[in-house]
Every structure is written in C-alpha cells, then in structure tokens.
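Next up: just one chain, as structure tokens, the form predicted on its own.
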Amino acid sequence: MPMTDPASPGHSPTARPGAAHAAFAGWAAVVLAAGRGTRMRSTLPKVLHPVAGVPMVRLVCDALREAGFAHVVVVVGPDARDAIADAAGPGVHVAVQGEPLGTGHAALAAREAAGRHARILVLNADLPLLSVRTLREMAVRHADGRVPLTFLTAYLDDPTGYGRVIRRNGRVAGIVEESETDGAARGEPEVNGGLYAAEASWLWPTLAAIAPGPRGERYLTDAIARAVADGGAQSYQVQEAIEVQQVNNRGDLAKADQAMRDRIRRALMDSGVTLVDPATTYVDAGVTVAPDTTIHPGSHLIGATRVGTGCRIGPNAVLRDAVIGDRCEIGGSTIEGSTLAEGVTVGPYCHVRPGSFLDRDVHLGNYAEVKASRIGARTAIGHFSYVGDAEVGADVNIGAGTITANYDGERKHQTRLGDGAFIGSDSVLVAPVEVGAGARTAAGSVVTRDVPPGALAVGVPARIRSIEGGSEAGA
C-alpha cells in the first residue's frame, strides 16, 4: 500500500528553488572542487565533508542554483569524480583537472564545460557559508563595473591563512599569499574571499597565459595583477565576514558547521518556529519545519526531515529523513525514514525504523518499536512492544509486551492485524500470521496460525475459541 505524505510544505532555511534568475542567464558558475584537502587528514575528499548535514560542495552548488546560475560547472580531480559529481546535485556539468596544478589551472579546466557564456563566476567549493545574496550582489557589481575582473574581499580580525589584498592609493594592486607577505603586509586585515567574477573573453586567455610557478602551478590570484594591468580589477566587500570562512581542517569544519546551524536556527525562528533552547537544537540544512511548531532542547532534525505545523518535538527527539504531519507530538524518541500522518503521538524511548507509516491519530506509548510497518488510524501501541513487517488496521489495540516474531532465522515474514483487533499483553504473533478484524488474543498467547475475524485466541500455542459458540480449535 503506498504511503501518503501528509506533512505541510514547511520552511527550509536553505531551500533551493530551481528557477534561474533572469539576470544571470549569460553566466556560467565554476566551482573548484579538485583540491586534495590534505589538512583534513581524511580519506573522504574535503568538499564531501558535511556542514549542517550537507556536503560542502552541495551547499555551494545549491546556493548558486538558488541565486540564479543555471549553468554550474564543478571541477574535480580524476580520483573522486563520480562521488563529487553525485554530491553536487542535479544538472551540474563536470570538468576534470588531471593534475593538481593550482586554482588557475583548475579554473582553466572548466573552459569547455562552461560553453560560450559571456561571464564566469569562479569560487572555491570549501566556502559553504557563501550566501545567495552575496553571489547575486557580486555578479551585479561586476556587470555594472565594466572591468575584466571583480573579486570578493573581507576584513578579518584574524587574517591568518588568507591572501592579503594590496592597495595603492585605495585601488586594488594585487593579492599576496600569506607565505609571500612581509611583516607589514601580513598584518593587513583585508583578505581575498575566494570568489571571482570575470569576462569570459578576458579570463580564458589570461589563465592560459599565466606563467607556471616552480612546481608548475597557476593561481587565480595571479589573474588579479593581470586584470589591474588590463584595465582594472575591482573588489566587492562581503557584508558578513563569516561567509568567507574557508574549510581547510577539522577546526575550520567545526566553525563552519556552527555558523551554518546558527543561520538555520535564526531562519526557523524568523519563520514562526519556536526553539525553546536554540543552542541545544540541531537542524540540518535540508530540513523543513512549518510555523507554530515547537522544538524542545536536545532535539536533532537530520537529513531530509519535514515537520508540519503545530507539532511538539522533544526534548531529546531524533528525526532522521522523517516526514511528520501536522499536530504531532514526539517525545524523546527516534524516527527514521518513516512518515507520520497528522495527530500522531509518540512517547519517550520509542524507535520508528525506516519504511514505516503511522496513520492519523496513532499512539505509541513508551519503549515501542515499529519497523517497516503500516499502522492504521487511531491504533494504539502502548508499551514495551515490537511491531515489525506488519500491516495493522485501524482502531487496533496492541497490549504491552506484544511482539511480532517476524524472522525465522532465514527470512522475514509479515503479520496482518484487521481493523478493531485487540491484542492482549505479552502476545507473541509468529509470522506469517493474520488476526482478523475484531479478533482478540488473550494475554500471554503465542499465535502461530491465523485467527478468524471475531474469534478469540488463547494459550501456548494459542487455540481458537469462537466468541459466539465457545468452541475450541488448534490455532
């Protein structure tokens, strides 16, 4: 039976509409994701490390798509091509940088994939905090500036690790990498933010003409000095310096994750969601929550979770890839890969495992586990019960301590409970088995065969007693 999706559309602080902004139809965006990221000390490529639950490269590509850049090129290394392309999301074009010979060499590798677009936006994939506003304003600033190149700058209290902007008489003269700065330049607080906008007719031949360094590298920063010589390079200062937070190591990753989650929490509260203690509430970038929902301390909303309006979540709830309908109440329990229709209540210490659907007004009490099952409307599973691989009808009562014995050591089997069935406490339903509509099992029964509608099953193994005639038969 197909599962419905009852949740309200909700609000996502990182929602990424697919429609392109008309002003950027002539642009291609190039995302540099080929760096090895050795300082992360990880077998996972740096740009695949998650920030607020989403790979960095996906956050960057999603921001570009929302800003209106429909043509996105991701430059990858040959070893991680497929993994990074998959993580970047739908519709991206992939270019491969055969050797790691610097950012300028990487950008040049995107030339063919960028097509004939007149303007190019180039940015690093390790800048997950860049906002849609900054991307749009940067492009507009470049289009209005009539210069070959525009680049993003920021003023940082601690500029360590960033290239410094060099100015003469207030005008941009170039970029000096930190390793090449002298004592005076090292203290300059204006840094290169790693985002560039350029005219394609100027950018591609300029990158090709940059002389390789001693190790064969070409850097985008060298293009700034070329732009100064070719008619001027202009800068655009970001409004919030945190947006240029690069992720080069685990400490940077933690800072970026905290900043992104702060941004998500502010957006949720601005949209009408109550966070009782924002500092102890963790919401991933892909989550949506509708207004008038309250999230209590210690709760984690993870992955593609969607929460409807008027819900009460937590404290200490974990919702992973879950769809939660309106007016649900979920205590300190875990819901994974499942759908709850409106009005469902889940008490503490329950676990709803992937592939489950709980229909309207279902009630789970304490210490109940549901796995790959469909639970009908208004059914109650009170306490200390396990329901796995089951099809449960409406208005069923499942007593405390009941389990569906769905695994015979080799295969999983299904249990079916008809509408209005009453399952006594400590019943064991040995699948495959069906309990008909209106049927009952006595407390402690071990049901190994089907129970007809309206009948009563009693004993170990259970025997059938007809409710009308009182006769018994083996069950």
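Since we're looking at a predicted model, the values are computed, not measured. Just count from 1 along the sequence shown to find any residue number.
Not pictured, yet referred to below: the form predicted together with a small molecule.
- Every residue in the set 97, 127 and 219 has a non-hydrogen atom no more than 4.5 Å from the small molecule in the predicted bound form.
- The single contact residue among 396, 135, 175, 198, judged by any heavy atom lying within 4.5 Å of the small molecule in the predicted bound form, is 175.
- In summary, among the residues 447, 34, 29, 417, the only one with a non-hydrogen atom within 4.5 Å of the small molecule in the predicted bound form is 34.
- Contact between residue 294 and the small molecule in the predicted bound form is not found at the 4.5 Å heavy atom cutoff.
- Proximity of residue 356 to the small molecule in the predicted bound form falls outside the 4.5 Å heavy atom cutoff.
- Looking at residue 330, you'd find every heavy atom of it more than 4.5 angstroms from the small molecule in the predicted bound form.
- Although the partner is absent here, residue 379 is not a contact residue: none of its heavy atoms lies within 4.5 angstroms of the small molecule in the predicted bound form.
- Note on the interface: of 317 to 325, 366 to 374, 380 to 388, 246 to 254, the segment with non-hydrogen atoms within 4.5 angstroms of the small molecule in the predicted bound form is 246 to 254.
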